[in-house]
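First comes one chain, alone, set out as structure tokens in the form predicted on its own.
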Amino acid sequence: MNYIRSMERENTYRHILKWGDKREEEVDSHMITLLKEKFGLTDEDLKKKHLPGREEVRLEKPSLLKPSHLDFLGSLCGSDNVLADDLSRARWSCGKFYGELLDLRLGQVPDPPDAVVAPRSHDEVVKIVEYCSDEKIAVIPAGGQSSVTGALRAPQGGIALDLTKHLNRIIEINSVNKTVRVEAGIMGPAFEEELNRHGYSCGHFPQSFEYSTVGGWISARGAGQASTGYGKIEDMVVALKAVTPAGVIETKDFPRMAQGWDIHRLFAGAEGTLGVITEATLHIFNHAPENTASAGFIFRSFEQAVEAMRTVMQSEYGKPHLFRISDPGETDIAFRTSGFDGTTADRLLKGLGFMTGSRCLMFVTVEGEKSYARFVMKKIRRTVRRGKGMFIGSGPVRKWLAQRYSSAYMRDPLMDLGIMTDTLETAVTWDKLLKVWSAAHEYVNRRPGAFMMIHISHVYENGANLYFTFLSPMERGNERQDFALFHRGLVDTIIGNGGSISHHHGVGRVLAPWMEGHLGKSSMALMTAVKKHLDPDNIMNPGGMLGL
């Protein structure tokens, strides 16, 4: 059978690297003005595309699978569900980590799988894993490919397991238990749309929501914009089914148990290193957007905004769902790119002491039953007012929500202009948050032409996350090494000042070198022992994932 074929039309590196629906996002006039000011770009610079990646995909590494391997997979899953052409292998070799995008722009695919296989059922996944275990073939589970941690690379070749093509159904909505049983490969929009039809919501809306899957959310222990109220994805998982080389793990949907460990939590954050999640049972929530209460606030300083946020979370009158602070850098960019700077409202704010370079935006929503949402929002407004924040209406929140997914599309045109832009995030306790925030800014500011925006978007009683977005001119001709060194220094700065390796992006291969030093040898030994039991031949996403 012929497996050297592609289901794609456009055979270029750019087709792979473009985020989302591949649309070309134009840079608006306000952003162009900002880029000219920050980076000294000219109109002529704006017409060019740096490393556009328009070359046709050609892999240097041939597929190392034997014809007998491909024939087995084709007979099991159907020949249309097994691909070994260059484009398919390249497309399933990476996620959206900046270093991977640079590789594609440079015409490089360093770690492609040997084939892409799309199983049609849980039982087929079982047979694939059994076969690959016997044949010592690596297996890399893949969903929407939105990973920003190098979690999808295949340094040992093997097969990329496409869970999105067939394993994408809602199996059961249980209104009595208020749960949903769903296959791992379903994309966020399809999942939410079907739940909405039944009066429910998944409650989980990461920025990658449009192009990420339930299985991916669990594997990376993701968080969504409303996670302060609903929790991270591991808080929503009731039970799951996973295929490992040691056998199938299937947990029960009891509300709570005391029979040893919560086994399903081993797979939350395992990033495909233990097995393949095929199904999950999740909590679901009432879908009543008409009840949502929203409010925007502005503070004179980041410190004041953080203190008000901490007070809200520790007051015990109820939690907001969306709870977000933009630091002065991010707030200034938001005002500049929205055309707010210089308006009458801007001059009024400055007259009241909310100055450029120090002021900070806070966005809040509270969801749920109508009287509850109104009660909690009323309490939050009082707390914020006591914390010297000023209410600025709900309009800014609605505008932010309208672009919360599309803002990620900006990275591609910025890279076209030779601008290095990437994100990192961390979890940190309240007593160390300002230290990490300040140290990260100091580190980035030492790089000529670079600047940083930071926000808080997931909040807890004992701390919060910090989310870092940095921009800087690329060092042309040395783009890959320049980024790697700068990125490594920023990670060291965050961890060295009290932050975690990750809050919701996961670890992957990018952050794996810091795992043992951060967690300790005993913790790593425990993780290694679990890995050895479930995956004795190290076929599941091998090659340094999670530092294993």
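Throughout, we count residues from 1 along the sequence that is shown. Because the structure is a prediction, the values reported are computed rather than measured.
One more form of this protein, predicted together with a small molecule, exists but is not displayed; see below.
- Is residue 470 close enough to touch the small molecule in the predicted complex, meaning at least one heavy atom pair within 4.5 Å? No, no contact at 4.5 Å.
- Applying a 4.5 Å heavy atom distance criterion, does residue 142 contact the small molecule in the predicted complex? Within the cut-off, so yes.
- Item | Contact of residue 148 with the small molecule in the predicted complex (heavy atom, 4.5 Å) | Flag for residue 148 set to yes.
- Would you please decide whether residue 335 lies within 4.5 angstroms of the small molecule in the predicted complex, comparing each non-hydrogen atom pair? Looking in the predicted complex, residue contacts with the small molecule do not include residue 335, since no heavy atom lies within 4.5 Å.
- 293-301, 373-381, 204-212, 313-321: which one contacts the small molecule in the predicted complex at 4.5 Å, heavy atom to heavy atom? Every other range fails; the passing one is 204-212.
- Are 184, 272 and 504 jointly within 4.5 Å of the small molecule in the predicted complex, each by at least one heavy atom? Yes, the whole candidate spot contacts the small molecule.
- Answer with one of 96, 105, 287, 441: the residue that has a non-hydrogen atom within 4.5 Å of the small molecule in the predicted complex. In short, 96.
- Message: Can you pick out, from 137, 163, 424, 83, the residue that has a heavy atom within 4.5 Å of the small molecule in the predicted complex?
- Response: For this set of options, the contacting one is 163.
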